[in-house]
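Just so you know, structure 1 and structure 2 below are the same protein chain in two forms, each on its own as structure tokens.
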Structure 1
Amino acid sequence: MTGSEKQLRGLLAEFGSTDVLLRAAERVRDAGYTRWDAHTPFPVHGLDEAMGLKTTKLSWFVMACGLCGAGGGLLMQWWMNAVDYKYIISGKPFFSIPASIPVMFEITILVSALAAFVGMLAFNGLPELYHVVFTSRRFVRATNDRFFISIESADPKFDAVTTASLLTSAGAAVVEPLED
């Protein structure tokens, strides 16, 4: 590819309202596209359902890591107090669960918070420092007052003419090609 040739990376459709965006998202979902996204300046109620998004696995990941943190904290305290360094104080037991609860709680919170942060980045494929939608001058309004749907050319169902026709018939005010 020479420097003057540009490669089509997808299509970006602009919508003027949330209602039109929701109907368009349902049409794109029903058409079978899998590599697409909706971009809005604020959360739109019902957009997840319109896009056909599944529930996240992040909560299960965070819970599993939190339970591992609690178990690790309990195991750590048992090892330190009952095995590694037995310290006899007034006939108190070497290990007791009630005395271990504050440390277990703190380690559970710490491990859960780290798991939520790392899991969110990993599950979302972040950090993504560049995306082809950033080449569009219109996309700047996605943080202000416009709604967009972008469909990547890597989608198995992508055909520039058919996809543009679908987006236009779904109510897009403007459909523009995204090129690198």
Structure 2
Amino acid sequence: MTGSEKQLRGLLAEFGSTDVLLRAAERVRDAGYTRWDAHTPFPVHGLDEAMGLKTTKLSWFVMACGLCGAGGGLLMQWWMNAVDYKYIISGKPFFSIPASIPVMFEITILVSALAAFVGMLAFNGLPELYHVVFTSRRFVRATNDRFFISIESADPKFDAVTTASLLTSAGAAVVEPLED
């Protein structure tokens, strides 16, 4: 801790409704900002386009994990029952595809679901218990009934004055600095 001086980390703008937020997000996007985000109490439809977000690669990750689960599940049953420890049960073959399908299916689902859940958290950088937006007292309403746009000072286009005026002219009810 070198001192109590706080550094400007970005700006937080509050909006009253989704319409204003969507239009403001389009303006921030068109102004060329890259390190910014919108914060909403629920997923607002159309906001991904308004922010210019690309579709996440999470689905591909889940599919890859699911295929590994399917292959791994089949391999496991073959190796355990037909290679490593063979035993005869009611004259059934040591290994057969039909008898292996239920367990293979369940493992595929399990691994894919774990990939979707853990992958979502990892891609989102969660858990992340501290973030500068939490320093704002207004921000508690981002999980309730208000809509926010935060622009980081690390953004190459960021300028405390022009960025603030962009947000104000885009319809922000309040624009405040984020410091920590």
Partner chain sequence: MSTALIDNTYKDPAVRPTLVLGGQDFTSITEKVCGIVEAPKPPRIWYICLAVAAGLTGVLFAMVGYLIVTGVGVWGLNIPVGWAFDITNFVFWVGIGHAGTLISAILFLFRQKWRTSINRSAEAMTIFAVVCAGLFPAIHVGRVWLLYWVFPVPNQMSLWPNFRSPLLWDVFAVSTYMTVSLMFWFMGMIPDIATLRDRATTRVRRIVYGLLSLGWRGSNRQWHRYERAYLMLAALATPLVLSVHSVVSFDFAVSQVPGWHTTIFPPYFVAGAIFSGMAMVVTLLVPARQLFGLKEFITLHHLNNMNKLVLATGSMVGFAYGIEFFISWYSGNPFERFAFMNRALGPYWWAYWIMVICNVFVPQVFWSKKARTNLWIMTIVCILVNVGMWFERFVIIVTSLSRDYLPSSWGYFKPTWVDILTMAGSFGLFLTLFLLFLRYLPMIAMAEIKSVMPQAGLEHGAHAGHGQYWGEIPHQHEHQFDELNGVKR
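So that the term is clear: the rigid core is the largest set of C-alpha atoms that superpose within 1.5 Å between two forms. Structure 1's sequence is the ruler for residue numbers, which start at 1. This structure is a prediction, so every number in the text was calculated from the model and none was measured.
Asker: Specify the structure that is the form predicted together with its partner chain; exactly one of the two qualifies.
Answerer: It is the second structure (the form predicted together with its partner chain) rather than the first.
Asker: For residue 101, state whether the C-alpha moves by 2 Å or more between structure 1 and structure 2 after rigid core superposition.
Answerer: It does not, since the residue 101 C-alpha is displaced less than 2 Å between structure 1 and structure 2 after the core fit.
Asker: Cα shift of residue 91 between structure 1 and structure 2 after core superposition, in Å?
Answerer: For residue 91, the alpha-carbon shift amounts to 5.6 Å.
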